[in-house]
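Consider the single chain below, provided in structure tokens and representing the form predicted on its own.
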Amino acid sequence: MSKKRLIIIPAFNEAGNIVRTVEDIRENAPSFDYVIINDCSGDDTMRICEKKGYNCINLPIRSGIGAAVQAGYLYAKRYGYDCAIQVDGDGQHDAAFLEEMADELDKGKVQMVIGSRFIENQGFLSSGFRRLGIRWFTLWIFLLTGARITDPTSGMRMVGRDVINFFAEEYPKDYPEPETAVTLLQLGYSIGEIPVRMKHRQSGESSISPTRAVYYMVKVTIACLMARLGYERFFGLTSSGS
């Protein structure tokens, strides 16, 4: 029996990118289902999804990237998916790598597989300022957990059913990637990476402005530390490690 695999596509004002994102999935990852989580976009994202007949959930209020992704995990849990992966609605994640990521997850050695830009350093690698921040989070996570993650801010992360169920219940609202990596490592889960290539954004702009980037750095640094100091103590969590 084949596994049920879901792609979670958080989208906010991605009218210029959403069609390209879905068509890339249909062409390069046809064995995956997908659900678009429209985070109350102010542009034509929802209208395009409805016109195209895409599988889409429309959040009633603007909730942020974390809440949008968590809605996708709730969907995955409710409909019994075996694995789930986030693919951003901006079209930068390449669906051609999803089968390889699924193969890595199926080996059972790790419970999260991250698509990393920085193993082979090919494709779009983000701005110099952001790469500096990524290197900081790589170092910070290593200092906190002893694990080296080359692309800790990558949203292209595939997880199995145990982590789906966990993320459906507990997931940060803002900039969740580094924080949830630390939390999973603290709970005894293993994280692996495979090399991927990202594409340039074709339309729109990133939501992280230079000013918000400073807020991002400070908030996520503190959030990772709090996760390391005993996330399970606050939520009564234990890990199955599998």
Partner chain sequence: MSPRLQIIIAIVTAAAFFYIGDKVRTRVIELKYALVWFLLALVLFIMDLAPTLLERAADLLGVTLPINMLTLLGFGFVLIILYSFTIVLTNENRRTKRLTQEIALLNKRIGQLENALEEAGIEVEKPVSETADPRPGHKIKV
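Quick caveat, the model's predicted, so the values are computed rather than measured. Numbering follows the first chain given and starts at 1.
Only in words, not in the display: the form predicted together with its partner chain, which the text now covers.
Taking its partner chain in the model of the complex as the reference, which of Phe137, Tyr171, Tyr81, Phe97 has a non-hydrogen atom within 4.5 Å?
The residue from Phe137, Tyr171, Tyr81, Phe97 that makes the contact is Tyr171.
Quick one: from Ala102, Leu74, Val110, Ala147, grab the residue that has a heavy atom within 4.5 Å of its partner chain in the model of the complex.
By the 4.5 Å heavy-atom cutoff, the listed residue in contact is Leu74.
For its partner chain, considered in the model of the complex: do all three of Arg62, Ala67 and Gln70 come within 4.5 Å of it, counting heavy atoms only?
Yes.
Sort through 84-92, 137-145, 112-120, 161-169 and report the only stretch with a non-hydrogen atom within 4.5 Å of its partner chain in the model of the complex.
Of the stretches listed, the one contacting the partner is 161-169.
Leu187: touches its partner chain in the model of the complex, heavy atom cutoff 4.5 angstroms:
Because no heavy atom of Leu187 falls inside 4.5 Å of its partner chain in the model of the complex, the answer is no.
Would Ile57 count as touching its partner chain in the model of the complex under a 4.5 Å heavy atom rule?
Judged by the heavy-atom cut-off of 4.5 Å, Ile57 is in contact with its partner chain in the model of the complex.
Could you confirm whether Ile191 comes within 4.5 Å of its partner chain in the model of the complex, counting heavy atoms only?
Close contact is absent here: in the model of the complex, Ile191 is far from its partner chain, nothing within 4.5 Å, heavy atoms only.
Contact between Met217 and its partner chain in the model of the complex at 4.5 Å, heavy atoms?
Looking in the model of the complex, residue contacts with its partner chain do not include Met217, since no heavy atom lies within 4.5 Å.
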